[in-house]
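In structure tokens, the next block holds one chain alone, the form predicted alone.
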Amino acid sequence: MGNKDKVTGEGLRKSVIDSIKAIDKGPKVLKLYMDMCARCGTCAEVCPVYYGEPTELRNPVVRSDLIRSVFKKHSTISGKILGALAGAKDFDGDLQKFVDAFYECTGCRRCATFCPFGIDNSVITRKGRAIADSLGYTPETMKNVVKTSLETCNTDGASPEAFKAAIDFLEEEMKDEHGIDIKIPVDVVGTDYFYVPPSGDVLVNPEATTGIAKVFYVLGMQDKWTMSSKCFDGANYGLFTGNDADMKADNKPYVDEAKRLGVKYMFMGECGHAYRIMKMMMEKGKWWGELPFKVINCMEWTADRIKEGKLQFDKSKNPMPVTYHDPCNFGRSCGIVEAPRIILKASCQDFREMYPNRGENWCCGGGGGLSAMDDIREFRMKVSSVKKMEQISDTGAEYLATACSNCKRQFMQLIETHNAAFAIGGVHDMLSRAILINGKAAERVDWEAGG
């Protein structure tokens, strides 16, 4: 874990080849991807990176072939005998090109949705990033995010004291809005729900968290939930660097904290990759054995309360045209697509869809952790995000809601770069502005297009 010294020279070449050869004895699905590709071009047609700049190395097939061709060269009979005729080629020793290619894939998994063979190039991308990480070549920004998170339990490096100060501020804001005390409980043992958002939904874009607090208040459940002053950031960049050990090390404190708090539910916030790791990987994979709690998502939970008629709204508080961007990890990897729409339609006057959407959505261009990498900002602003910006423009929306801090950061920078006339925020942000508390919605709403 942590930063590693870079491997160089012949040792590097041998390590790359050995890591690729190991695919033969690794997960069956990855080995299948080494053999199945028909090079039909479907993945390129649906890839946001290739759409933004249709050049050879932007093509998912060409990128994946950086691994696939070496595998064929060293691990298949046809590759050993026929060489290039079978698509086999040796590693050329240029690891920087290798790293750059795999960090220009957003990992959005749109290719897997449309590939006739179901090939998921993001799996190959993660393998490429894992090889880079094992040799010390993970980009510095990503290394630093992982290091900070492992040391402090959050990607911002914020202290428990800074977190508590932020919570005090949010409680003051809610009192200004509603004239009553709406609490955000912290470090309370023996409650039912342990709320785990991305840290951005506390420190940067906090209305998603005030929305959650207001729902618990309306339901008379202020004493049924808590946050943790130590574990308040579900983000886990071990997924993005391909380092399973880091991913599990980042995950473990949250599991331990849920047990310490004695909760029934780990209540995940608006962060698709955090929920994916906790629910689809940790819980299902039983990383830490049988758990005394269940992992659930806040949007599905809130949507259920709306369907039960327990929450009421003043839609006039959100009169502007609103659209929703499906974060790739929610839309494709977790299948949470209807819940955010239930919340937005209940709390907004003019909800508009982007097309395509849900599991066929286009990535924001900052997926796979790329939104944290300012050194590739131009690529994110002018290549990987082209299609998404076209989609938003087509809706005429003045507010873009999404459920992902990485997406929000990407869109904030896109708004700044392109002087775009829409604002960005979360799903529960809209709820926070329109939910009725004692018959009234918030008296103050800070909203303006473009920021």
Partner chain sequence: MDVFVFKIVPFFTILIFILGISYRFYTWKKTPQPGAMTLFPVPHESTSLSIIKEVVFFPSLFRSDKTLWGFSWIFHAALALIFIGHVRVFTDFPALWKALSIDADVMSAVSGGIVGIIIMIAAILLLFRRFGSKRVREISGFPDYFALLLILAIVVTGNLMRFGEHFDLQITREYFSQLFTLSFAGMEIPQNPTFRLHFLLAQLLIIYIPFSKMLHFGGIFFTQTLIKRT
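Numbering follows the first chain given and starts at 1. Source: prediction; values computed, not measured.
Only in words, not in the display: the form predicted together with the partner chain, which the text now covers.
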* Given that the partner is absent here, does Ala86 sit within 4.5 Å of the partner chain in the model of the complex, heavy atoms only? -> yes
* Indicate whether the partner chain has at least one heavy atom within 4.5 Å of a heavy atom of His325 in the model of the complex. => no
* Could you confirm whether Asn318 comes within 4.5 Å of the partner chain in the model of the complex, counting heavy atoms only? => no
* Determine whether any heavy atom of Trp301 comes within 4.5 Å of a heavy atom of the partner chain in the model of the complex, and answer yes or no. => no
* Asked: Looking at Gln413, Gln391, Ser69, Thr42, which is the one with a non-hydrogen atom within 4.5 Å of the partner chain in the model of the complex?
  -> Thr42
* Structure fact -> In contact with the partner chain in the model of the complex (heavy atoms, 4.5 Å), from 276-284, 376-384, 177-185, 97-105, is stretch 276-284
* **Whether Lys28, Thr113 and Ser333 all lie within 4.5 angstroms of the partner chain in the model of the complex by heavy atom** => yes
* Asked: Are there residues in 32-63 with a heavy atom within 4.5 Å of the partner chain in the model of the complex, and which are they, in order?
  -> Leu32, Tyr33, Asp35, Met36, Cys37, Ala38, Arg39, Cys40, Gly41, Thr42, Ala44, Glu45, Val46, Tyr50, Pro54, Thr55, Glu56, Asn59, Val61, Val62
